[in-house]
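Have a look below at one chain only, the form predicted on its own, in structure tokens format.
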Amino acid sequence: MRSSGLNNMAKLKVLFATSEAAPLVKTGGLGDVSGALPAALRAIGMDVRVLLPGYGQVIAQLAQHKVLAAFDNLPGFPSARLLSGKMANGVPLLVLDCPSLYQREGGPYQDAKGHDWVDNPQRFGLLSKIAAVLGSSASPLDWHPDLVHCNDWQTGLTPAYLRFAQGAAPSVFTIHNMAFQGNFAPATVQELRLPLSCFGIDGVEFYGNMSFLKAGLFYANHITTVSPNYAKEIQQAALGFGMQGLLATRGGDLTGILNGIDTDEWNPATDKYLVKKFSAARMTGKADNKKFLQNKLGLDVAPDVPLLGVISRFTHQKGLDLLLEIAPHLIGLPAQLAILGSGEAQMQQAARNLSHLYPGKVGVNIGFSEELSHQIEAGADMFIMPSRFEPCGLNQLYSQCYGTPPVVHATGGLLDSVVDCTAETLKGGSASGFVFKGMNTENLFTTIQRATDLYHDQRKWKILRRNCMAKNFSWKASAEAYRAVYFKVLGR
């Protein structure tokens, strides 16, 4: 135990720095985690506060706020203010208000046409810098964190700034997806007022550019990622995206912690979006939700035909190209498809074409709908998630809560959270879905066929659904694992 006044009885103070947090602003899994994990950490006794950029949509949702501090003389950055607020779940919020950087039409990272904001280095350099200031002796606040928890490349410079600051708290850096790295021109180092000495292999340099992600991986006291299996995968060339050597070197400081889910929002017994609620003890409502979904998407109302649910971005990573290719064979099993998502134009058009070619068999909704996503999880018989890589994944967790066994590729968090259904695992009570290895259409098809075959064995299918719904994916276990990492970093 450290002798600096920190002790196991004191409430641990954590600054949670992130570029998005649901429901205020969300583009993907990072937003879900940042909206839920701080609340789960507070529920087990920590004083956690979230630092978030003051995007227009965030400022608009601040019911009451006051100015906590002003930053008018930060070299290399425009003037900014720190506002107080509170998230809907009660977590205290620190909003970085800098209208010239954050209040604009478009998304957090891109404009309305999908192009990255050209000043993203300044936008997220400022976010990282303020997180470091709040975690150092230069902080203008009375509240001083024991530890700063950073997330993804947008806060990747925070550990670097902390390394060169006075009285700095230690940092934990979480990788939500290695594919997004925040790589910019070498001049960015000087523009963001980092020491020029850090631009090297032992620092922020990455193949001649400056990398926010590498800064986090190199300078953080500890690294976490969002599933144990992904922590192993990113130390290998296939999924290390060029940083596998650094991650392997830091393997002793790398921990994989599976994300949780909001089990209040994703609960078929209380879900406001469902036509009829159900539970593991009373499953009759699931059939009603299937019929409702079939009607809503223009599918034939066929109780005995397995309905395959898909909610996904239409991208190469998500493997939707393979699923769309084998769709005619799936319909011939027979099976139906309920698809919700958006992304690459070519895949979107391919999905629309399927719905026209197979009316009553394929239902497609291009876009995103929170309501429909819940209804697909509840009404589908199984959920298809053939991602080429998946750091954690959430829909396979939701699916199991709704008694909708997922079909997944053996990668990342999918492999950590789904147990392949075999005679042995079904008998032993651990089976919760279907897992295929080898990313190709044949393996995907034969695994879905294996799932649809079992679907027609009513007794075994009931056992499998019961196994799924017995699993606990709440945030509590994840929060306790993060607390253990924090204590390790602090030497407690």
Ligand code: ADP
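In case it trips you up, residue 1 is the first one in the sequence shown, and so on. All values derive from a computational prediction rather than experimental measurement.
One more form of this protein, predicted in complex with the ligand, exists but is not displayed; see below.
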Heavy atom contact within 4.5 Å of the ligand in the model of the complex, the stretch among 399 to 407, 187 to 195, 345 to 353, 365 to 373: 365 to 373
Position in contact with the ligand when the complex is considered in the model of the complex, options 243, 333, 239, 340, heavy atoms within 4.5 Å: 340
Among the candidates 437, 26, 466, 427, the residue which, in the model of the complex, approaches the ligand to within 4.5 Å (heavy atoms): 26
Distance check, residue 307 to the ligand in the model of the complex, heavy atom within 4.5 Å: no
Partner contact for residue 47 in the model of the complex: the ligand, 4.5 angstroms, heavy atom: no
Distance check, residue 318 to the ligand in the model of the complex, heavy atom within 4.5 Å: yes
4.5 Å heavy atom contact, residue 313 and the ligand in the model of the complex: yes
Sequence-ordered list of residues in 422 to 458 near the ligand in the model of the complex, where near means a heavy atom within 4.5 Å: none
